[in-house]
Structures are given as C-alpha cells and as structure tokens.
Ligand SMILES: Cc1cc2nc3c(=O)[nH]c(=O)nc-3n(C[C@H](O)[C@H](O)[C@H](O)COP(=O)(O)OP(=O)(O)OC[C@H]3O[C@@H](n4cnc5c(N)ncnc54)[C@H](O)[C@@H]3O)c2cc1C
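Single chain ahead, by itself, as structure tokens, in the form predicted on its own.
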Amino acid sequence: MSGYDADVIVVGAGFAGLSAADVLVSAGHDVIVLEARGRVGGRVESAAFSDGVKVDIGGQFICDEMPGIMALTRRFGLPLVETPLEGAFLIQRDSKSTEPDYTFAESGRIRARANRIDPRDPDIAGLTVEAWLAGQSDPPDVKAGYQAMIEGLWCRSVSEIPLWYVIDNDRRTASKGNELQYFVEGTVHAVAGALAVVLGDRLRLDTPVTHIARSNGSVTVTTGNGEVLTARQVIIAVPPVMASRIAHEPDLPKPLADAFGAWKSGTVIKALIRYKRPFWRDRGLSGMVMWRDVLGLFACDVSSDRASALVVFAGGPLAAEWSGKGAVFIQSEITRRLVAAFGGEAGVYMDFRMGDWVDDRWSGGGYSDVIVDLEAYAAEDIIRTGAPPVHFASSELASSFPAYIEGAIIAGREGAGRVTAALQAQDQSASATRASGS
C-alpha cells in the first residue's frame, strides 16, 4: 500500500458500502469507508419509541429468500419477528366504505401480465407504465389498484416510469413468497451498526466526498472537510442520483454521465404508530390496508412482543405532496385515515414516529432511485462498468433484489468482486514491470 492511504476507499456506509467493505477487509485489503451522515445505514435508519423500543423508519422487511441479509442477522445474533398477516386485508375506497380484497388480487394479475412481456419487446418501447395501462381492458378500479401498487413500490408516478424498467426490476426480484415475511427484533438498522463495529476506525462518519480525481491507476478523494486521501481503487456506494453529484477529474466519460442522468430519486414517507394492543385483530383484520381514494398509501401490522404497532407507507406523488405540507399535516392525515379504516381506537395511540425520505439530503429519497428515461436500457450496465479505478455499487444496480436491503448487500459484494479483480490486475502488472526491469 506504499504511497496510498488505503487499497480501497468506499464512499457511503449504507448496506452496499458496508457489505463491500466487509468483503474487502475479510480479504485482507486496507479499506477506508467515508460516510456523509453521522450514522451508518443509508436508507435504513432507526428511531425509538418513548420507552426506548427501537423501530425502523427506513428499510425494514426481509424474507427467507434473501440469503445475504438473513445470514447477517444470524452472524450478529439478531432475532427475527414474523410479520403478523392473519386476518382480512382492507381496501379503503373512501372515508366511509371498504370493499373486499378481490380488486387487489385482480390488480396483482395485471402485474403478472406485464411481467410476461420481454422488457426488450419493441412493442413496449417508449411506453410508460401509465401509457401501457391505459391500453389494458381491465375495469377502472382494478387499474387504479395496479397504479397504487406501482407507485407504492417504485415511489414515482406511473407517468414517469418505463414499463420495461418495472418488468426488468420485477424479474430480478427473486422472491416467490412473501417479501414482508420478517422484520428484525431491535431493527434491521442494528445489522448495519454491527457491520460498522467490525470496521472500527476504518469508518469515518460526517465525511462527505465532494471530488474524485483519477490519475495513473490511482484515485485521489477530497472530502467536504478538506481532507485529501489516496487509494488504488474507489467504490462509490451511494444511489445513482447522489453519485452523480460528486465532481470528477477528468469528467466521467459521456456515456457514464448520461447513464447517471437517467435516474430520479423515489419519494416515500414511513410512519410507525404504536398502540396499547393490536385492537384491529378483534375484528378479524390483519392490519393491512390499501387506500384507493389516494394512490400509494398502505398499512401493515408490525406488532411484536415488545410493541403493538402499525406501519404506514406513502409512496410516489402522494409522498411528495404530503411532504410539502409538513410533519403536523402528515401525522394528522395518517391518523384520520387509520380511524376511518379501523375505528376510533386508531386515533388513540401511544407513540408516532416518522421518516420523511422525500428529498433526503444524502440519499435523495427512497426506497430507491428509479430510471425515468424511456430509452436508458443500458444505464445500469454502463454504471456497473464504471470508470476504473472508480467503481459504483448501489442497491439499484444489484443483479437481484434491486431497491431492497438484500439488493444493496448483493451490489456491495459484486462491487467488491470487481475491485478485487482490479487490485489483482494491478499487482500482476506491477510484478511484471519489476520482473522486466530486473
């Protein structure tokens, strides 16, 4: 490592950056991780109820088909809670009525129909989800349910998202079961914290990266604190929109810069509401609700032995609208809608905790960035190729489970693999040079 501060500098300590660093440190490489926030986890973050019980106000749910995050919970001895799902699913049409869940199932069939299309089929080239949906013969209520599903999951308007992108993402989400199967007792954010402990003083918080210079097979990284560090390789493990805001010298190749321009950050708000008991079960309800008078609003039971609680998500245009009206409005509106769905007890809660991820300073938004350029088929591959010795890794780029915690872990490990290969190539080149000069 002579002449360098580290073999590898990792920019970002979300699950992608932490996972990349974990692999590289285990392989014996010298690593420095630079994180702009004062905490690790990226879009995974925890808060605490008034009695100290911690909850995830960022990413939360995992399942058996996500081997990376499941292995990490076992590695650090963090118990899982099975998400309570027994009971009826409500679809809330307006403040006065509910309907059975047949429209949700019908909407799911639209999603399955879309996923049977080849994402590179020329017949859907140039089509947004909205444009394709308009051409389907399903009833308006069923179409609205599908729109709610897409905007709730991808957290952008269906008028912006290419249909091919949704299909491609769904095909890379390898789960055939329930992606809400578990959450972590004590928060999944604690997994990120445990990875940070393993890194020790290799991790530097409150250290945003502002400038990266590539020269002669090495990299110079400048931070917002004025520190200048050098490394043989760099992994930028932040979402595409945030990665595009780092200055590069020389400029990134035009195809790479254009690929970064294809993305927008998702918009999502998440709230945890705690009650004395899970009263909704008295009526045979699961706690799961999809609202239909507004699209992109969902609720789910996340009760455990430590706390009875509902989680509410607002995604897409709804989240952007609500965020602009402030936290007081959001809390009041969520409460009003829970009361309409579950009755007066829903308005008598013990705690309310919220994560507003719209325009988040260091992630741009959530759950992930989304491609909005209808023709940017190659954007992910171009970004994965990077500009060596600068490489990129984020959940959006994962070979499977993009936009999930699992995807971030996969992307970080894949990025670490590319960097390891690059380091080996550098070592072999240096050895060959020494041998030819001897």
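The numbering used is simple: start at 1 and walk along the sequence shown. Computed from a predicted structure; not experimentally measured.
The form predicted together with the named molecule exists for this protein as well; it is not shown, and the discussion that follows is about that form.
- Although the partner is absent from this view, residue 391 stays clear of the named molecule in the predicted bound form, with no non-hydrogen atom inside 4.5 angstroms.
- Residue contact check for residue 60: one or more of its heavy atoms lie within 4.5 Å of the named molecule in the predicted bound form.
- Contact between residue 208 and the named molecule in the predicted bound form is found at the 4.5 Å heavy atom cutoff.
- Looking at residue 363, you'd find a heavy atom of it within 4.5 angstroms of the named molecule in the predicted bound form.
- Highlighted residues 89, 148 and 298: none comes within 4.5 Å of the named molecule in the predicted bound form, counting any heavy atom.
- Annotated contact segment (heavy atom within 4.5 Å of the named molecule in the predicted bound form): 397-405, selected among 46-54, 382-390, 24-32, 397-405.
- With the partner omitted here, the residue from 238, 319, 192, 235 that has a non-hydrogen atom within 4.5 angstroms of the named molecule in the predicted bound form is 238.
- Taking a 4.5 Å heavy atom cutoff to the named molecule in the predicted bound form, the contact residue among 257, 327, 131, 246 is 246.
- Residues 11, 12, 13, 14, 15, 16, 17, 34, 35, 36, 37 of 11-40 are found to place at least one heavy atom within 4.5 Å of the named molecule in the predicted bound form.
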